[in-house]
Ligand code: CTP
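Here you get one chain, nothing else, as structure tokens; it is the form predicted on its own.
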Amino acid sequence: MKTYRFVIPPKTQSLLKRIGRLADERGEAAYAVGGFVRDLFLKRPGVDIDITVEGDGVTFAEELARRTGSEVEAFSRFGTSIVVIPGFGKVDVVTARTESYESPGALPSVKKGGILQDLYRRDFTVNAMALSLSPGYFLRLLDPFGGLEDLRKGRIRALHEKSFVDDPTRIFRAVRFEQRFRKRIEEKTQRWLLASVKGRFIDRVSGERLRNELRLIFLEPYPERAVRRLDELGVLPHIHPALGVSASSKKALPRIADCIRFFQKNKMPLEEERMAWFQALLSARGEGDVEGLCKRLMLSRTEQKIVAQSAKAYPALLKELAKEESTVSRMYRLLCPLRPEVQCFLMASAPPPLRAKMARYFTKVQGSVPWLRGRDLQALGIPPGFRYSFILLEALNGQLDGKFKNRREALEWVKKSFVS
């Protein structure tokens, strides 16, 4: 094992040494592993730390929590725990283990093992490196599968031929890492990946896990890169036939991030921001497709509503919005019923002139308060009834289209038109 020099924040380094000493006291060995180690070599130190213990990870985590005054949550089935340390953050602690898969896509069965066995169960060589935390070997690298060389040569390499068969969700991780770090999937690894796709092993993965993998992709700095790559590899239709990237969606993808920032800047909250990206994957938009997709990916009610609205609105609504006679009030009637996430995607999908028109619309309408309310009509002596909705809508249309300059002019219009 070779010792490397890393730029590690003093607070993190102090905690790593403390973990190493605790393991030594218990007659065990502790290692920093996985993404934490990878990111140190990439000079992108993260906050969360992954620790593997040769011993009993659950009781180790409990003792670490006791000594640091932390909270701990244990998952005994997998020998994993999460310790949330005040003033620091989350530390994942696992027992070194081996894994076996009863069937492709199933959750693994686990048994205790050593650090080498634990590293071999991981997805890619760049994530199969460990740093010893033992006092006598602090920060010495354990790299049995050449992860550091792969990292330096810019390649994502799976550990064995059955990697994507055992766990098909690794397909999504391979693409995420490839695009995040601007590496490339190694040739043999890509053949294994494509064989898994062709073998339809994705079909055996639960909808919840697939949905979570897509969500992680949408959290990447440049989701459009990963989406295009998934489409290129033929992965999307294997999740569901309704998913894909059409020619028009390819144009929209690079604009989504800008449109999200526009909505944020104008204080138009996107409760489900990731769904702005998800809509770009909907290539077939029949009602049956939407229903089947929602069921396959176990989407929440909010997500289902967004998908359904998007399927109905795109691309037909863009054609309506692009018409020359589309006044602000007409745009309001068309766009107001839609979820902000759908509005955001439509804006990203619009051609430049319409996109600019929509930007002006959102800037003008966002935060606008109707000048007239039902109480104003009642004060004018208009009896409450079905006419209220019509009058208030027309008053709002006049306000949005500039027919009235202020509230006084709107009231005068009501008096002239509806008060005898």
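One-based numbering along the sequence shown. As the structure is a prediction and not an experimental result, all values here were calculated from the model.
Missing here is the form predicted together with ligand CTP; even so, the following discussion is about that form.
Point to revise | Close approach of D50 to ligand CTP in the predicted complex, 4.5 Å, heavy atom | key: Yes, D50 lies within 4.5 Å of ligand CTP in the predicted complex.
Check your understanding: Is there a heavy atom of N266 no more than 4.5 Å from a heavy atom of ligand CTP in the predicted complex?
Key -> Because no heavy atom of N266 falls inside 4.5 Å of ligand CTP in the predicted complex, the answer is no.
Review point. Looking at the partner-bound form in the predicted complex, is G55 within 4.5 Å of ligand CTP by any heavy atom?
Key: No.
**Study point:** Distance check, N127 to ligand CTP in the predicted complex, heavy atom within 4.5 Å
**Key:** So N127 counts as contacting ligand CTP.
Check your understanding: Going by heavy atoms within 4.5 Å, which of 28-36, 382-390, 65-73, 358-366 lines up against ligand CTP in the predicted complex?
Key -> In short, 28-36.
Review point. Of the options R225, H240, K183, R170, which one has a non-hydrogen atom that comes within 4.5 Å of ligand CTP in the predicted complex?
Key: Residue within 4.5 Å of the partner: R170.
Practice item. Just give me the single entry in D231, D123, D143, D150 that has a non-hydrogen atom within 4.5 angstroms of ligand CTP in the predicted complex. Key: Going through each option in turn, the one that passes is D123.
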